[in-house]
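Only one chain is given next, in structure tokens, and it is the form predicted alone.
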């Protein structure tokens, strides 16, 4: 490529965690430095406290701490409202709009916030996100295949960006991708031999979204995976930033 890609990262976080993995980091300054070093121009970010403690607390900390960092785009962690730990969907809609939030994430896994994403528990939340075209970024480790299928089937207008897919998912993932056009795959967690080239051939570059997984994973390897893929320059640009820009631009605030 003659020009560097304008990377827009869909999968970053910062904030002190209960366990700091060897080689990782947690300070916002370190995230910004790593982004500059790897050539990642902008990033969607959530706060570690929104995962490990409380979405309300973590989201509030996020909004305060990213002030002055224009390259960081806030992502709120959300959950259902039934225990009154979090906003009801109509109130959440107003809060998202007021704060300019264009993407959300959630951590329902039993090692985190431990709740079901089935319709009886989260259907109203997903209805609101779907109605307003707010994308949901979620890890396969958090939701599992069967629950993911339920979300995609019941909410065909909800764009879901799936991260942490691992290397052995294709025999299930391909069938899901063919059936559900509202599913997108985050690139860094998709660790399969010739993964980018094969995915683009099978499903098109428009279904892949760039992510690094920092601070848990290397931003360098994530960038290289796209830069050196044997696909066209336009396809690289689609994955690096255009696809995510289009998804975020579709939010109906």
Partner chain sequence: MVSTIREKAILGLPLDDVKIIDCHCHMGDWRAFHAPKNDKEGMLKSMDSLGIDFACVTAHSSIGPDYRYGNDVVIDAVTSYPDRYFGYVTVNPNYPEDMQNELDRCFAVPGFIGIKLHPAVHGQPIDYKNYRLAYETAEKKKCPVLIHVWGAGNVVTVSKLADEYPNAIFIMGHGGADIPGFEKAIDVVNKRNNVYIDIAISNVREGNVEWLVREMGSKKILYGSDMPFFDPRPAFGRLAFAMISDDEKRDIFGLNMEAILSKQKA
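Positions refer to the first chain, counted from 1. This structure is a prediction, so every number in the text was calculated from the model and none was measured.
Another form, the form predicted together with its partner chain, is not on view; read the next lines as being about it.
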Within a 4.5 Å heavy atom cut-off, is residue 168 in contact with its partner chain in the predicted bound form?
yes
Report whether the minimum heavy atom distance between residue 221 and its partner chain in the predicted bound form is within 4.5 Å.
yes
Should residue 232 be counted as a contact of its partner chain in the predicted bound form, where contact means heavy atoms within 4.5 Å?
no
Using heavy atoms and a 4.5 Å limit, would one call residue 194 a contact residue for its partner chain in the predicted bound form?
yes
Checking 203, 69, 216, 53 against its partner chain in the predicted bound form, the residue with a non-hydrogen atom inside 4.5 angstroms turns out to be 216
Of the listed stretches (30-38, 43-51, 203-211, 60-68), which one has a non-hydrogen atom within 4.5 Å of its partner chain in the predicted bound form?
30-38
